[in-house]
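In structure tokens, the next block holds one chain alone, the form predicted alone.
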Amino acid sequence: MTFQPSKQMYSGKIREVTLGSGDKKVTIGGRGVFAFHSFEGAVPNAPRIAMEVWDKDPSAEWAEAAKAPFSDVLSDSAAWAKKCVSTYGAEIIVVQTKSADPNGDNRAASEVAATVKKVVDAVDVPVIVWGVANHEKDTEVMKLVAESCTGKNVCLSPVEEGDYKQIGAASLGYKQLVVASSPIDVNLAKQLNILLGNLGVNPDNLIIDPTTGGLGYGLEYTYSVMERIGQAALTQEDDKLQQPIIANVANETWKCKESNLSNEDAPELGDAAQRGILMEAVTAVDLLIAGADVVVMRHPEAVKLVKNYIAKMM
């Protein structure tokens, strides 16, 4: 007799959100069951992997293993994005606007937005624009991005309680999507969604970022919050939490100490290149199981591992 898993009926459903425009637009969400529980019900849209590019050359900050696949394009964000799509099969591009950071390069908002526009024009897949979590600077940048990318259905992130009115208004005015970002707390995530809804943001244009902790650096907290958001959405029919979830995995896993220590500095930790790749892949898989609909990744080998996992689970 074949094994028959026990099944549970869910009364709620995750909303579908469509990113981008044209033939390569991507729809996420739509499931009425927990992640990968296709034995319990329909999972119409598989989770997606987004690949990140920076709006500046990250050579001084990145581990050698992370730089190697992109060594020929790190100084050209548009070429970098095109390589992610054409060579590594990226279905979504995330532009990390690192150069805008007031505590770093503090590049002018107009220059940052111009770089983002070049990336958007260079690829035919959806683009998510990720700020630096400085309310004043992100507001400047995202307003210009929203205007210059009219018609592209780009996603503006992170939208936080301190800037949701300004960035939310820009998304409404230019018909863009938003990522609502809150610090690893279910109630704060719900509250921000309510605030954006009161502003007029349509739930069909809203994605949740509950804040990502990497492997060994808060992963369990993110996992727990994502799982609880999913439970509230599916079993309690909480319509303020029935949004797809995105996890900015690369940004967290590749900045941790273990991903950057060389073989000479930490021979006991194994091969440095594989160490960073596996930390990224394990974090991404864990958060997909927790309920993430999009994971943002960096290294092509980590992307390949996670794509294979998704294919097997679906």
Partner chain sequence: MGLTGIQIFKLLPKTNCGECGVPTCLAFAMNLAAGKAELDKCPYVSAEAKDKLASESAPPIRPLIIGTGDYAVKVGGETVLFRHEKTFVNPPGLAVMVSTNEDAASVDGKIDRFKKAQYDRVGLNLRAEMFAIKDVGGKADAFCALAQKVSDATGAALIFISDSAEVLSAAADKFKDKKPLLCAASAANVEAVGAAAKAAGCPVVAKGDGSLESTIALSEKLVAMEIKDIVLDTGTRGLKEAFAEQTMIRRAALKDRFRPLGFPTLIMANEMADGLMEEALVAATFIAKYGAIIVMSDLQPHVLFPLLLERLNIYTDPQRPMTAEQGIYPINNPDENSPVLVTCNFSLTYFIVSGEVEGSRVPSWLLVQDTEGLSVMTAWAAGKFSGESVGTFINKSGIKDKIKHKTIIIPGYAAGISGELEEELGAGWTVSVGPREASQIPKFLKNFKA
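This one's a predicted model, so the numbers in the text were calculated from it and none came from an experiment. Residue numbers count along the first chain shown, from 1.
What comes next is about the form predicted together with the partner chain, which does not appear here.
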Considering non-hydrogen atoms and a 4.5 Å limit, which listed residue (Arg228, Lys82, Lys137, Lys152) is close to the partner chain in the predicted bound form?
Arg228
The partner chain in the predicted bound form reached by all of Ser21, Trp54 and Lys175, non-hydrogen atom within 4.5 Å
no
Give a yes or no for Ser75: in the predicted bound form, does one of its heavy atoms lie within 4.5 Å of a heavy atom belonging to the partner chain?
no
Would you classify Asn187 as touching the partner chain in the predicted bound form, given a 4.5 Å non-hydrogen atom cut-off?
no
Indicate whether the partner chain has at least one heavy atom within 4.5 Å of a heavy atom of Arg275 in the predicted bound form.
yes
Evaluate Val282 for contact with the partner chain in the predicted bound form, applying a 4.5 angstroms cut-off between non-hydrogen atoms, and reply yes or no.
yes
Using a 4.5 Å heavy atom cut-off, which of 28 to 36, 63 to 71, 46 to 54, 242 to 250 contacts the partner chain in the predicted bound form?
28 to 36
Contacts with the partner chain in the predicted bound form, stretch 141 to 162 (heavy atom within 4.5 Å):
none
